[in-house]
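Next up: just one chain, as C-alpha cells, the form predicted alone.
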Amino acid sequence: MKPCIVYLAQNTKRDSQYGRDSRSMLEMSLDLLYLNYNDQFKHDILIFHEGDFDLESQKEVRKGRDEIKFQEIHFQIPSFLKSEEIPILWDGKYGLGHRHMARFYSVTIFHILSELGYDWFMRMDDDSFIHSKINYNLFEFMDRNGYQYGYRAILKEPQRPTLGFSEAVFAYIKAERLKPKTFLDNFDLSTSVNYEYFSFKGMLKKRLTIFLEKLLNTLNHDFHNWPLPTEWNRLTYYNNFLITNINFWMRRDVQAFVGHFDRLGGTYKYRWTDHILHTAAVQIYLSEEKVFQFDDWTYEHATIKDGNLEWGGIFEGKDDKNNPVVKDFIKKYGKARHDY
C-alpha cells in the first residue's frame, strides 16, 4: 500500500472567490492534521499548486515536516471543448478556477497519482480541519475492511448547479445498459405522480394516484433500472474530505463514465461539481458495503462569507462529544451546519 494525502492550494492572503486567507488556512489545516493524525502515521502529503508557492514559501509551510511535497500543476480548458461556450463567470459568480478544481478532483487526479505510484489518496482542502485525535490508520482501516470509498459527511447539493445532471446520468445508464448499485435509491420511485386532467365541462382539476404507476416503477427498478422521471434528492458525498482506492477510479468502466461526463463539459458549462460526479460514480459502480462513512471524529469544512456560514459547517464526532470547537463554532455562526 502506498497512500497519500492531497491538497490543492493557493499561496494567497485573499482568494479571488471568497476573499479568504487561503495561505493561513492551509497552514492551520496542516497543523491540525499533524497534531491529530499525521504525527503518528507520517503519510506523504502532496500540495498541488499553480506555481505560486516559491521555495521559500514551501519551506515556511513545510515547517520541517519531510512528508510534505509540493507539486506544480497548470490548468486549462480541455481542447475538446469550445472555449467560446465556457462562461468566464458561471452565474456571474464562479470563475474558471473553481471549475478547474472540480475537474481536477473529478478526472485528472487519479491519473496523476497513479503515475506517481500511489494506490490510495485522502483529500483535504485548505479549509478542512480535523478537530479530533484519530489513533488508527485510515488507509489500513479502509483496505482491511474492503472499503473503496470513504467520506465524512453528506450534504444536499443546491439545485442550480445540478440542473440536467441526473437526467444525463440516466441517459448514460440506459444507453450502456447498466445496473446501478445504489444510485437509484436517491429517487423516490414509490411516490405517485400527480396527473392533471380537465372534465369536458372544463377547468375541474383532479389528482389521481395510480397503482399501475407504482407497479411500473417497481418493474423498472428491478429489471430495467430505468425509473419514471422523478426528483433526485441531490444528497451527495461532501468530498472535501474523502479516502478512496485509486484502482477503482482507473477501472475501464469507471473511466468510461468519468470520461463521458468530462467530454460533455458539464463541469465548465453548468458547474456540475466533483461532489455530484463522485456520488454518481460511486453509487453506480460500488456496492453499499464498499462505501464507508466516518462519524467518530469531529470535522470542519465551512464556507464563510461576510461573517456568515454560507455552506458546510462543523460535524461533531460520535466519539468526540462536547468538543469546545463545536460550541465555539455554533456561538460564532448560530448553527453547526448549513445544508440546502
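Each residue number is its position in the shown sequence, starting from 1. Because the structure is predicted, anything quoted here is derived from the model rather than measured.
The same protein has a further form, the form predicted in complex with a small molecule, not shown here; the description that follows concerns it.
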message: Using a 4.5 angstroms cut-off on non-hydrogen atoms, would residue 301 count as touching the small molecule in the model of the complex?
response: yes
- request: Evaluate residue 101 for contact with the small molecule in the model of the complex, applying a 4.5 angstroms cut-off between non-hydrogen atoms, and reply yes or no.
  value: yes
message: How about residue 8 - does it come within 4.5 Å of the small molecule in the model of the complex, if we only consider non-hydrogen atoms?
response: yes
- request: Consider residue 97 of the chain shown here, and say whether it contacts the small molecule in the model of the complex, taking contact as heavy atoms within 4.5 Å.
  value: yes
Interface stretch in the model of the complex with the small molecule - options 250-258, 122-130, 158-166, 77-85, non-hydrogen atom within 4.5 Å: 122-130
query: Only one of 67, 27, 295, 50 has a non-hydrogen atom within 4.5 angstroms of the small molecule in the model of the complex; which is it?
result: 50
